[in-house]
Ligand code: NAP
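Consider the single chain below, provided in structure tokens and representing the form predicted on its own.
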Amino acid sequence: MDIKTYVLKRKQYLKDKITRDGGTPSLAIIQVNDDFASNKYIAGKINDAKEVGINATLIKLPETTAMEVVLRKIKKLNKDPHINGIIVQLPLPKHIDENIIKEAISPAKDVDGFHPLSRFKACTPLGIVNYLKDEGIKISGKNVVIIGRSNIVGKPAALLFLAEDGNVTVLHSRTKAEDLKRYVANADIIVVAVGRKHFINDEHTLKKSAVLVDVGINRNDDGSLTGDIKPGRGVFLQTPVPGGVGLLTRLTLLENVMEAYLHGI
């Protein structure tokens, strides 16, 4: 099943579940920028929420907003019994400490999964694992190579694939090119999240049975988008960009909000 069809199926399931319950899960989104990409992402999240019956409220603050003001907003939302989930859209202005903001959100409402004690898993890695499992792709005992070690994708993805009994290797900017090629050639599942256009390309030998998960989004000169993996690698499965992992991330956010709602948070 392609990702778009899978996401539509899961969103319909959420919509039906919310309709049967008769309530309205709620999500608060804090934005402290006027970034074009952020505006676009948030519009997508709000539209997704509306589709399934989740009430998403945007709290948009000027870039000059002091960190103390943002923290007060978060504290108020933490205490609000009508708010089930809270996310703070990244990036944040330089004068605001991202780690302090992440840790200010109640772990029970941190539906992005960024708080160290969050009850939720990070949306992008969880969305990837859930999709692969739904597709019947075996993870246990398979060689999983994750390229990129960010706190948002790489590191949490490594933990999730380990939890599924995958043989996980994390590669990064300090990995030698020849070593990367060797690991990639032996990999069954490859997750690439480095933000570099066609980082995996014709120079890399891949198993025909390999599964390639492309997390990267890179903008071409003509405004179109492309991923970290060159298209058409001739493998068993390669996720597209756009219309791939981004949809899984947004879906998982909805599922996390729903979980928070069902637990009475």
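Numbers follow the displayed sequence, beginning with 1. Note that the coordinates shown come from a computational prediction; the quantities given were computed from them, not determined experimentally.
Keep in mind the form predicted together with this ligand is missing from the figure; the text below concerns it.
Within this chain, Pro91 is remote from the site of this ligand in the model of the complex, having no heavy atom within 4.5 Å.
Although the partner is absent from this view, Arg119 stays clear of this ligand in the model of the complex, with no non-hydrogen atom inside 4.5 angstroms.
Not displayed here, this ligand is approached by Ile217 to within 4.5 Å at the level of heavy atoms in the model of the complex.
Although the partner is absent here, Leu253 lies well away from this ligand in the model of the complex, with no heavy atom inside 4.5 Å.
Think of it this way: in the model of the complex, this ligand has a heavy atom of just one of Ile190, Leu126, Val153, Ile87 within 4.5 Å, and the residue is Val153.
The contact residue chosen from Leu77, Val168, Ile101, Val194 relative to this ligand in the model of the complex is Val194, the criterion being a non-hydrogen atom within 4.5 angstroms. Comparing 157-165, 77-85, 101-109, 142-150 against this ligand in the model of the complex, the single stretch with non-hydrogen atoms within 4.5 angstroms of it is 142-150. Relative to this ligand in the model of the complex, residues Met1, Lys45 and Val52 are all farther than 4.5 Å at every heavy atom. Annotation for 197-211: the only interface residue with this ligand in the model of the complex is Phe199 [heavy atom within 4.5 Å].
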